[in-house]
Each structure stands twice: as C-alpha cells, then as structure tokens.
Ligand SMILES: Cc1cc2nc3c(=O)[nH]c(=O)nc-3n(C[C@H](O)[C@H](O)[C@H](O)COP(=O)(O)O)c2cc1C
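Before any questions on how it binds or moves, here is one chain, the form predicted on its own, in structure tokens.
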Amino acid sequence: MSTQSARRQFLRYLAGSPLFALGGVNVAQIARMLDGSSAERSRALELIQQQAQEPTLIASASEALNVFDFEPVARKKLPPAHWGYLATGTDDDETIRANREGFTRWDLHPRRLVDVSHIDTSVKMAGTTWETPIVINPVGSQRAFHPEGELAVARAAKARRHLMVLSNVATTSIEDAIAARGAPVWSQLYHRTDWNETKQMVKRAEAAGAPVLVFTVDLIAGSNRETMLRAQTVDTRNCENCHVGGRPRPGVEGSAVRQDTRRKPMIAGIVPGEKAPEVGTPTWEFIKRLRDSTSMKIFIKGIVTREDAELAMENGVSGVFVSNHGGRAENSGRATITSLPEVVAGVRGRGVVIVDGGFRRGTDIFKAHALGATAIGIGRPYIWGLAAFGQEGVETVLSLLRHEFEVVMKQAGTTSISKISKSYIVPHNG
C-alpha cells in the first residue's frame, strides 16, 4: 500500500469514529474532501486535527465569553449516552448544521445616529408581556444532565425573568416546576395513542395553572437518531441500573416514553381507565379536539410551511413554533430561519410566531425578528449551561444571549423589537 493510500485510510478511520461524529463533524463531507484536491485534503486534515485537540475548558460560568464556551464543559461532564441524546440530530445530523448555517444567508443593515440610550426588548405573548423574547424551550429528561434538572432551569428562569416551556417528558412535575419558577410555565404535549391518557395530561397541566399547551407535531413519525445510537455503543455503563429494560430510545419510536416512567411524572401520573384508542396519527381534527378539551391556548410546535401555518390559524391555534426539533425530527436539510418568512406570511399577524433551531448569538435573534418572529426559543445552549454549572450556568447562558441581542439592537439603531424590520437585514453579500 502506498504512503498516500495508507494516510488516506487512516484519516478515514479517524473521521468515522464515534467521537468525531458526536462532535458534529460531517463525516461524509470529510470523506469527499479526502478524495479531492490537495487543498481539500489539507482542509480535511485540519478539521480532523481541530476535533482531536482538547479544548480549553472554562472553570466557572463567570469565565464564559459566549454560549459556546459551555458546550465542551458539558460534553466532558456528561456520560457518552447522555451527551449523544443531547447532541443528536437525525440521519447524518445535516439539519443541525443547516440550522446554524441558515443565519449566514442574511447580513445586518444597520442605521447610525439613532438615540439608543434606552431600548425595549419586551414582547407580548398569550396575554402576558415578557421583558425578553428569549424563550426556554422544552427539553426532556433534564436530570440526565444535572441532578436538579428542570428545577434548576425553572429557578434560572425566575431569576432572569424568562418564559419557560416544560417538556411533557420532563423529570420534574409541572406542579414542582411552577413552584420553582414562581409563575406559570407553558406545558408541552406529546400525544398518546389513547385519547383518555392524552386528556389526563392536558387536564393536569390546566389544573396546575399552565396558560398555554404546546402540541409538538414534528416527531409523530419518529426519527433516525444515529448520533444518539452510536453514542450508546461507546457508553460502558450498565443502563439497567437506571432504566428498566436497558437503553432507552427516546424519539426513535415516534412517541413519548411508554416504558419505565418512574422518572417521567407527567406520564407516570396517568390513571388507568376506560381506553379510547386513536385510529391513525393525529390530523387537524385532533387540534379541534384539543381546543374543545381545555381552556388553555393551543400552540403547535413543528410548523415549517406557509400552508400549515394557514391551516393552524384556520383551526383556532393561538401561535406556532417554527421548529424542526433542533434538527432531531425530519432531516429536511432546511434551516428554520429559512422557513420563518413563509410561516410568518401564513400566520399574517393572527397569532404568535416563535422560532427555534440553532440560535447561539444575539445576531441570530435579531435576524429572526427582522424576518417577522415574535420570539425565539433555545434548547441546547441552556442545557450546556445546566450540565456544566447547574442553575448558574443556565442563568449565564440567558444573560449572555440577552446582552448580545441588546448590543446588536443598539448597533443597528433599533430601540424596540417592534422597530426591527426586514429593512435591517440584506441577503448575504447583497
């Protein structure tokens, strides 16, 4: 075997290792680069070397300069399977990358000599005014990342005055989360194949004081979470110590957790009763049934097209989340920030539009508002903070994003979110 062939084979071995996949390296792209020109092969080697380097880790939340500083700390502290659950997308994680790359399609178009000594970042959603448009999105199983899990996040939300949406598969009950938040939280819903079970979860959230029910529709068909499954194979712990039946497969089966509900109080609390099995998967008729069953406002999470946005409004929905589940649902390869304008056009001011997927910087938030979003949601960044430093980490992530967003608003010459329009962005290099 020639030296060049041996080197190429060795690099392919490195690029295909689980550690590189968990780090978000596009293995297929590197393989193509290795077969390309000399410059492409050099770039592939550079990427592999970068991934192999041990990052400098911050020792405390106060040392963080941006939210990315929390990611390597979280990765080092978490068991491989738990990190894989957090990091995974679907298939080759292309849509995770697309969500980040989507923001590069637009550049800022700032104005000067505007008095920005006072700015207003408040937004009104579902009858409540929030001083920041940054929403803490639902993420399940948060005690897999920190012993206090959702309670630490709820306390951070209280300290920094953010809206929190609690996952249907949280490791904390909605009652305890609301107590820790000191105010109502929104309740996310994964439907059950038995309507009576779904109705029990809806009624419990309503009784606890949740004003909004966020029905998630982009995981009904399940997803192919290769990064998560690959990470489980390199985790040497005995999963049965914590999970009855061995390794769980969240999101893969296309429904909420159905076995070992001990750590899922919103599901474990379901009382057996007369069954009412669903026939088929939910359709728009299911939305009407939800509306008729509760006084809570209904939001749909997972809308990415104008057609579905229009149908949501026609079916009495109060708002939508433009979301591909952080790249964990379908592998469309399309960024949510790219989907946002057509969803806004479909809603036509008749409801709230929250967008999530890849938000990491204040400029990302600004661009979303310029494209018509009411608010934005974050998931992985605050979980990085939680895994790294608990409540303090979550608070710091929120503070960093708010500070960056406020700086961008001032730099652009916008004094309130209502003043941010499409005139403040232009196509990249336009």
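Only a predicted model underlies this, so the values are computations on that prediction, with no experimental measurement involved. Position 1 is the first residue in the sequence shown; the rest follow in order.
Below, we turn to the form predicted together with the ligand, even though it does not appear here.
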Worksheet item: Is every one of Ser339, Phe366 and Tyr424 in contact with the ligand in the model of the complex, taking contact as a heavy atom within 4.5 Å?
Response: no
Item to complete: Examine Gly393 and determine whether its closest non-hydrogen atom to the ligand in the model of the complex is within 4.5 angstroms.
Response: no
Discussion item. Against the ligand in the model of the complex, would Tyr85 count as a contact residue? Criterion: heavy atoms within 4.5 Å.
Written reply: yes
Practice prompt. Decide whether Thr198 counts as a contact residue for the ligand in the model of the complex under a heavy atom distance cut-off of 4.5 Å.
Written response: no
Worksheet item: Is Thr216 a contact residue for the ligand in the model of the complex, using a 4.5 Å heavy atom cut-off?
Response: yes
Discussion item. Within 4.5 Å, heavy atoms only, one stretch in 275 to 283, 72 to 80, 323 to 331, 346 to 354 touches the ligand in the model of the complex. Which?
Written reply: 323 to 331
Worksheet item: Quick one: of Arg181, His191, His162, Lys301, which gets a non-hydrogen atom within 4.5 angstroms of the ligand in the model of the complex?
Response: Lys301
Worksheet item: Of Arg360, Lys297, His146, Arg155, which residue is found within 4.5 angstroms of the ligand in the model of the complex when only non-hydrogen atoms are counted?
Response: Arg360
Worksheet item: Counting only heavy atoms, which residues in 121 to 153 are within 4.5 Å of the ligand in the model of the complex?
Response: Asn137, Pro138, Val139, Gly140, Phe145
